[in-house]
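Given next, in C-alpha coordinates, is a single chain: the form predicted on its own.
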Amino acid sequence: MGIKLVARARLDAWVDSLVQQQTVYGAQAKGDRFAFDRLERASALRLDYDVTILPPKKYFQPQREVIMRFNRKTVEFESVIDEEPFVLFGVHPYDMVAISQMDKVFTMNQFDKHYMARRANATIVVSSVETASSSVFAACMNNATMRGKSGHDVLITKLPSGHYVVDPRTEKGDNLCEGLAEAPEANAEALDAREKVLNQNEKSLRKYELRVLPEDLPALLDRSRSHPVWQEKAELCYSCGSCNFVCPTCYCFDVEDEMGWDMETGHRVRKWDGCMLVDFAAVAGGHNFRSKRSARYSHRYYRKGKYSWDTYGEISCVGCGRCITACTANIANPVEIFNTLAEAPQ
(Lines give C-alpha, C1' and ligand atoms only; values in the text may rest on other atoms or scores of the structure.)
Protein backbone atom coordinates (compact mmCIF):
# COMPACT_ATOMS: atom_id res chain seq x y z
CA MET A 1 0.00 0.00 0.00
CA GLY A 2 1.25 3.47 -0.82
CA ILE A 3 1.55 6.54 1.38
CA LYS A 4 -1.89 8.05 2.03
CA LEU A 5 -3.15 11.57 2.67
CA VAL A 6 -5.98 11.33 5.20
CA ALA A 7 -8.37 13.88 6.68
CA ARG A 8 -8.93 13.71 10.44
CA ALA A 9 -12.51 12.45 10.04
CA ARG A 10 -11.33 9.52 7.93
CA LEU A 11 -8.45 8.86 10.34
CA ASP A 12 -10.93 8.70 13.23
CA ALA A 13 -13.18 6.33 11.28
CA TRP A 14 -10.19 4.11 10.62
CA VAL A 15 -9.17 4.11 14.29
CA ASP A 16 -12.75 3.33 15.34
CA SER A 17 -12.75 0.34 13.00
CA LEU A 18 -9.47 -0.89 14.46
CA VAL A 19 -10.84 -0.59 18.00
CA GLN A 20 -13.79 -2.78 17.01
CA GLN A 21 -11.49 -5.46 15.59
CA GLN A 22 -8.65 -5.73 18.10
CA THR A 23 -6.99 -4.31 21.20
CA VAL A 24 -5.65 -0.80 20.61
CA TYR A 25 -3.64 1.28 23.08
CA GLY A 26 -3.21 5.00 22.55
CA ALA A 27 -2.27 8.21 24.34
CA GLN A 28 -5.21 9.73 26.21
CA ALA A 29 -5.70 12.68 28.55
CA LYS A 30 -5.49 11.94 32.28
CA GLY A 31 -6.33 15.30 33.81
CA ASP A 32 -3.65 17.67 32.52
CA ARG A 33 -1.24 14.81 31.75
CA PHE A 34 -1.27 12.00 29.23
CA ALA A 35 -0.96 8.22 29.45
CA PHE A 36 -1.17 5.24 27.15
CA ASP A 37 -4.30 3.23 27.91
CA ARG A 38 -6.81 0.92 26.25
CA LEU A 39 -8.57 2.88 23.52
CA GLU A 40 -12.34 2.56 23.31
CA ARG A 41 -13.04 5.20 20.65
CA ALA A 42 -11.09 7.42 18.29
CA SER A 43 -12.30 10.63 19.94
CA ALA A 44 -10.26 9.76 23.05
CA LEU A 45 -7.01 9.43 21.09
CA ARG A 46 -4.71 12.44 21.63
CA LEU A 47 -2.09 12.60 18.92
CA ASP A 48 -1.26 16.14 20.07
CA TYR A 49 0.07 14.99 23.45
CA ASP A 50 3.44 16.27 24.61
CA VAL A 51 4.73 13.25 26.54
CA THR A 52 3.11 10.37 28.43
CA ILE A 53 3.67 9.79 32.14
CA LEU A 54 5.06 6.30 31.54
CA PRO A 55 6.68 5.16 28.30
CA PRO A 56 4.93 2.59 26.07
CA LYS A 57 7.55 0.00 27.04
CA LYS A 58 5.01 -1.03 29.72
CA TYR A 59 3.18 -3.05 27.07
CA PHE A 60 6.26 -5.15 26.39
CA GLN A 61 7.73 -5.25 29.89
CA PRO A 62 4.78 -4.71 32.24
CA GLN A 63 5.31 -3.17 35.66
CA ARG A 64 4.20 -6.48 37.15
CA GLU A 65 3.76 -9.72 35.21
CA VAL A 66 3.26 -13.38 36.06
CA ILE A 67 5.87 -15.34 34.12
CA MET A 68 5.27 -18.82 35.56
CA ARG A 69 2.72 -20.84 37.52
CA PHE A 70 3.73 -23.83 39.61
CA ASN A 71 2.39 -26.60 41.80
CA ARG A 72 4.80 -27.94 44.40
CA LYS A 73 2.71 -31.01 45.12
CA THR A 74 2.51 -32.26 41.55
CA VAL A 75 5.86 -30.70 40.59
CA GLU A 76 4.28 -28.93 37.62
CA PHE A 77 5.62 -25.73 36.09
CA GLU A 78 4.00 -23.68 33.33
CA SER A 79 5.41 -20.59 31.66
CA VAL A 80 2.88 -17.82 31.14
CA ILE A 81 3.23 -16.22 27.70
CA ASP A 82 1.04 -13.31 26.60
CA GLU A 83 0.45 -13.68 22.85
CA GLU A 84 -2.57 -11.41 22.38
CA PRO A 85 -2.14 -9.21 19.27
CA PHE A 86 -2.45 -5.48 19.88
CA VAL A 87 -1.88 -2.12 18.24
CA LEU A 88 0.16 0.59 19.93
CA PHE A 89 -1.01 3.83 18.35
CA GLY A 90 0.73 7.19 18.46
CA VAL A 91 4.19 6.33 19.81
CA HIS A 92 6.62 9.23 19.60
CA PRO A 93 9.92 8.68 17.74
CA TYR A 94 12.11 8.81 20.85
CA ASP A 95 9.97 6.11 22.52
CA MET A 96 10.19 3.98 19.38
CA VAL A 97 13.97 4.25 19.51
CA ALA A 98 13.81 3.09 23.12
CA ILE A 99 11.65 0.09 22.19
CA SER A 100 14.15 -0.87 19.49
CA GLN A 101 16.93 -0.71 22.06
CA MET A 102 14.95 -2.93 24.42
CA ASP A 103 14.51 -5.42 21.58
CA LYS A 104 18.30 -5.74 21.54
CA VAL A 105 18.57 -5.99 25.32
CA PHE A 106 15.99 -8.78 25.60
CA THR A 107 17.50 -10.87 22.80
CA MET A 108 21.20 -10.11 23.17
CA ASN A 109 22.38 -12.80 25.56
CA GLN A 110 19.35 -14.65 26.93
CA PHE A 111 16.32 -14.57 24.63
CA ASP A 112 13.41 -13.34 26.76
CA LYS A 113 10.36 -15.16 25.42
CA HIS A 114 7.95 -13.16 27.58
CA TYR A 115 9.07 -9.79 26.21
CA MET A 116 9.51 -11.04 22.67
CA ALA A 117 6.08 -12.70 22.51
CA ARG A 118 4.47 -9.34 23.18
CA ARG A 119 6.83 -7.60 20.77
CA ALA A 120 6.10 -10.08 17.98
CA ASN A 121 2.36 -9.59 18.38
CA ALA A 122 2.47 -5.79 18.43
CA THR A 123 1.82 -3.44 15.54
CA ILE A 124 3.32 -0.03 16.26
CA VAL A 125 2.05 3.23 14.78
CA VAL A 126 4.53 6.06 15.34
CA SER A 127 3.21 9.61 15.35
CA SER A 128 5.50 12.52 14.59
CA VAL A 129 5.49 14.89 17.56
CA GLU A 130 2.89 17.66 17.35
CA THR A 131 3.53 19.26 20.75
CA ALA A 132 6.99 19.47 22.28
CA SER A 133 7.07 18.88 26.02
CA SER A 134 8.77 21.35 28.32
CA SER A 135 11.64 18.95 29.08
CA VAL A 136 12.24 17.16 25.79
CA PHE A 137 15.71 17.15 24.24
CA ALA A 138 15.23 14.28 21.76
CA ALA A 139 16.67 16.32 18.89
CA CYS A 140 19.98 16.58 20.77
CA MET A 141 20.06 12.77 20.89
CA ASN A 142 19.11 12.48 17.19
CA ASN A 143 15.71 11.02 18.09
CA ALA A 144 13.30 13.80 17.11
CA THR A 145 12.09 11.95 14.00
CA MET A 146 12.12 8.46 12.49
CA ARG A 147 14.56 9.40 9.74
CA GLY A 148 16.93 6.50 9.21
CA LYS A 149 15.22 4.43 11.90
CA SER A 150 13.18 1.25 11.82
CA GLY A 151 11.16 -0.99 14.12
CA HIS A 152 7.81 0.71 13.57
CA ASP A 153 5.06 -0.42 11.21
CA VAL A 154 3.32 2.86 10.32
CA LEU A 155 4.38 6.51 10.53
CA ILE A 156 1.73 9.22 10.69
CA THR A 157 2.49 12.92 10.49
CA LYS A 158 0.05 15.79 10.86
CA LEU A 159 0.46 18.53 8.28
CA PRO A 160 -0.31 22.24 8.82
CA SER A 161 -3.42 21.69 6.66
CA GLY A 162 -4.82 19.35 9.31
CA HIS A 163 -4.48 16.29 7.09
CA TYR A 164 -2.30 13.33 8.04
CA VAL A 165 0.32 11.57 5.97
CA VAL A 166 -0.11 7.86 6.77
CA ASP A 167 2.97 5.90 5.74
CA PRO A 168 2.89 2.08 6.19
CA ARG A 169 6.45 0.73 6.36
CA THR A 170 6.10 -3.02 6.94
CA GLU A 171 3.77 -5.83 5.94
CA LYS A 172 2.06 -5.42 9.31
CA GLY A 173 1.64 -1.75 8.54
CA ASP A 174 0.11 -2.51 5.14
CA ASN A 175 -2.37 -4.87 6.74
CA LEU A 176 -3.29 -2.35 9.42
CA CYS A 177 -3.91 0.34 6.80
CA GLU A 178 -6.26 -1.72 4.66
CA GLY A 179 -9.11 0.43 5.93
CA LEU A 180 -7.48 3.42 4.21
CA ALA A 181 -7.15 1.75 0.82
CA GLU A 182 -9.59 4.20 -0.78
CA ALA A 183 -7.86 7.27 0.63
CA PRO A 184 -5.91 9.37 -1.89
CA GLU A 185 -2.19 8.90 -2.30
CA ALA A 186 0.00 11.54 -0.72
CA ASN A 187 1.25 13.79 -3.51
CA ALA A 188 4.59 15.57 -3.74
CA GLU A 189 3.20 18.66 -2.05
CA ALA A 190 2.05 16.64 0.97
CA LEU A 191 5.38 14.83 1.23
CA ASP A 192 7.24 18.16 1.06
CA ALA A 193 4.99 19.48 3.83
CA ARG A 194 5.86 16.41 5.91
CA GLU A 195 9.56 17.11 5.45
CA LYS A 196 9.03 20.64 6.74
CA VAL A 197 7.27 19.27 9.83
CA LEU A 198 10.15 16.88 10.49
CA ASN A 199 12.69 19.65 9.97
CA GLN A 200 10.83 21.80 12.46
CA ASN A 201 10.83 18.97 15.00
CA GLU A 202 14.59 18.73 14.67
CA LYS A 203 14.67 22.33 15.93
CA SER A 204 11.84 22.39 18.48
CA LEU A 205 12.50 19.13 20.36
CA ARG A 206 15.52 20.55 22.15
CA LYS A 207 14.33 22.40 25.23
CA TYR A 208 17.80 21.77 26.62
CA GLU A 209 20.91 22.02 24.48
CA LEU A 210 23.54 19.29 24.81
CA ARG A 211 26.99 20.77 24.20
CA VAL A 212 28.58 17.51 23.12
CA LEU A 213 27.65 14.96 20.49
CA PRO A 214 25.89 11.84 21.84
CA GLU A 215 28.65 9.62 20.48
CA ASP A 216 31.21 11.59 22.53
CA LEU A 217 29.50 10.76 25.83
CA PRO A 218 31.31 7.43 26.49
CA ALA A 219 34.74 9.07 26.37
CA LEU A 220 33.50 12.04 28.39
CA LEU A 221 32.19 9.78 31.13
CA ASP A 222 35.29 7.64 31.06
CA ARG A 223 37.42 10.59 32.16
CA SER A 224 34.89 11.96 34.66
CA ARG A 225 34.67 9.29 37.34
CA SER A 226 36.09 11.54 40.06
CA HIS A 227 34.14 14.66 39.10
CA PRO A 228 32.61 16.39 42.17
CA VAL A 229 29.18 16.64 40.52
CA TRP A 230 28.36 13.05 41.50
CA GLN A 231 28.65 13.77 45.22
CA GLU A 232 27.16 17.24 44.94
CA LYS A 233 23.94 16.07 43.28
CA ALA A 234 23.71 12.83 45.26
CA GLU A 235 23.43 14.78 48.50
CA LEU A 236 20.01 15.94 47.28
CA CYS A 237 18.84 12.55 46.02
CA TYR A 238 15.91 10.81 47.76
CA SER A 239 16.77 7.41 46.23
CA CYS A 240 13.12 7.19 45.20
CA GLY A 241 13.78 5.63 41.80
CA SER A 242 11.34 7.90 39.95
CA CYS A 243 13.91 8.57 37.22
CA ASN A 244 14.27 4.81 36.68
CA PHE A 245 10.59 4.05 36.52
CA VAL A 246 9.68 6.71 33.95
CA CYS A 247 12.68 5.98 31.73
CA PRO A 248 11.91 4.18 28.44
CA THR A 249 15.28 2.40 28.41
CA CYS A 250 15.47 1.20 32.01
CA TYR A 251 14.73 -2.52 32.02
CA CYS A 252 15.94 -3.88 35.37
CA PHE A 253 13.56 -6.17 37.21
CA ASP A 254 13.20 -8.29 40.32
CA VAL A 255 11.67 -11.76 40.42
CA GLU A 256 9.63 -13.15 43.34
CA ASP A 257 7.70 -16.35 43.97
CA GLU A 258 4.28 -15.76 45.50
CA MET A 259 2.61 -18.71 47.23
CA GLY A 260 -1.11 -19.37 47.41
CA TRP A 261 -2.98 -19.94 50.68
CA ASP A 262 -2.63 -23.70 50.21
CA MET A 263 1.18 -23.34 50.24
CA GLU A 264 1.29 -25.74 47.29
CA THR A 265 0.41 -23.58 44.29
CA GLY A 266 1.81 -20.22 43.35
CA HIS A 267 3.29 -18.11 40.62
CA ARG A 268 6.53 -16.36 39.76
CA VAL A 269 6.27 -12.61 39.29
CA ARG A 270 8.57 -10.19 37.51
CA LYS A 271 8.45 -6.54 38.67
CA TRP A 272 10.21 -3.35 37.67
CA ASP A 273 13.29 -2.52 39.73
CA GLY A 274 15.69 0.41 39.61
CA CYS A 275 19.38 1.08 40.22
CA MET A 276 18.63 4.24 42.19
CA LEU A 277 16.85 2.31 44.95
CA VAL A 278 18.85 1.70 48.14
CA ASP A 279 18.65 -2.10 48.09
CA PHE A 280 19.02 -2.64 44.36
CA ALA A 281 22.63 -3.79 44.65
CA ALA A 282 22.21 -5.65 47.98
CA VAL A 283 23.43 -9.25 47.89
CA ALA A 284 23.74 -12.17 50.27
CA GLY A 285 25.73 -11.59 53.43
CA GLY A 286 24.41 -8.08 53.92
CA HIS A 287 26.76 -6.52 51.38
CA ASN A 288 25.60 -3.69 49.14
CA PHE A 289 28.10 -2.85 46.42
CA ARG A 290 26.40 0.50 45.70
CA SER A 291 25.39 1.53 49.20
CA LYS A 292 26.41 5.18 48.69
CA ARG A 293 23.99 7.53 47.00
CA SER A 294 26.83 8.99 44.93
CA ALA A 295 27.62 5.54 43.54
CA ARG A 296 23.99 4.95 42.59
CA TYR A 297 23.63 8.43 41.16
CA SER A 298 26.70 8.23 38.95
CA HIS A 299 25.84 4.68 37.87
CA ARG A 300 22.62 5.90 36.26
CA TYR A 301 24.50 8.26 33.96
CA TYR A 302 27.23 5.76 33.17
CA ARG A 303 24.55 3.22 32.33
CA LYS A 304 22.89 5.65 29.90
CA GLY A 305 25.95 7.25 28.36
CA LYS A 306 28.68 4.61 28.42
CA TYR A 307 27.75 1.06 29.45
CA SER A 308 25.00 0.68 26.84
CA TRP A 309 27.36 2.06 24.21
CA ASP A 310 30.01 -0.45 25.21
CA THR A 311 27.45 -3.28 25.14
CA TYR A 312 25.34 -2.67 22.05
CA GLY A 313 26.59 0.54 20.48
CA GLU A 314 23.84 2.99 21.43
CA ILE A 315 23.37 5.79 23.94
CA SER A 316 20.42 4.72 26.07
CA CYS A 317 19.14 8.19 26.81
CA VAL A 318 16.67 9.02 24.05
CA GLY A 319 15.89 12.56 25.19
CA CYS A 320 12.27 12.12 26.28
CA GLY A 321 12.82 14.33 29.37
CA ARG A 322 10.57 12.27 31.67
CA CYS A 323 13.27 11.98 34.34
CA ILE A 324 13.56 15.77 34.48
CA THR A 325 9.85 16.12 35.17
CA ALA A 326 9.63 13.21 37.62
CA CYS A 327 12.54 14.25 39.85
CA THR A 328 11.29 16.43 42.70
CA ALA A 329 14.87 17.14 43.80
CA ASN A 330 15.65 18.63 40.37
CA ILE A 331 18.87 16.66 39.91
CA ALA A 332 17.96 14.20 37.12
CA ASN A 333 18.54 16.29 34.01
CA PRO A 334 21.04 14.36 31.85
CA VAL A 335 21.84 17.40 29.71
CA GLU A 336 22.80 19.44 32.78
CA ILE A 337 25.09 16.70 34.04
CA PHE A 338 26.73 15.96 30.69
CA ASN A 339 27.31 19.68 30.03
CA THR A 340 28.84 20.07 33.49
CA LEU A 341 31.25 17.22 32.77
CA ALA A 342 32.12 18.69 29.40
CA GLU A 343 33.10 22.02 30.99
CA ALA A 344 35.73 20.37 33.20
CA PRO A 345 39.34 20.78 32.05
CA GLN A 346 40.79 17.66 30.45
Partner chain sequence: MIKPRIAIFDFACCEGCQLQIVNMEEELLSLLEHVQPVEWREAMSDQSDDYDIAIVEGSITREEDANRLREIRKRAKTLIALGACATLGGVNKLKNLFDLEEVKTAVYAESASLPILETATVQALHEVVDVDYRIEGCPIDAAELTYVIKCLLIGRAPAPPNYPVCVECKLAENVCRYDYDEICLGPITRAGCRARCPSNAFWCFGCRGPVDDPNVHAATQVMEQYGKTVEDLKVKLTLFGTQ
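Numbering follows the first chain given and starts at 1. Not measured: the values here are computed from a predicted model.
Here the subject shifts to the form predicted in complex with its partner chain, a form of this protein not shown in this document.
Contact with its partner chain in the predicted complex, defined as a heavy atom within 4.5 Å, is made by all three of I53, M259 and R293.
Its partner chain is not drawn, but in the predicted complex it has a heavy atom within 4.5 Å of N330.
The closest heavy atom approach of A326 to its partner chain in the predicted complex falls within 4.5 Å. Taking the partner from the other structure, its partner chain in the predicted complex has a heavy atom within 4.5 Å of a heavy atom of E235. Its partner chain in the predicted complex is not approached by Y301, whose heavy atoms all lie more than 4.5 angstroms from it. From the list 250-258, 196-204, 212-220, 158-166, the contact stretch for its partner chain in the predicted complex under a 4.5 Å heavy atom rule is 250-258. Within 4.5 angstroms of its partner chain in the predicted complex, the stretch 100-134 places no non-hydrogen atom at all.
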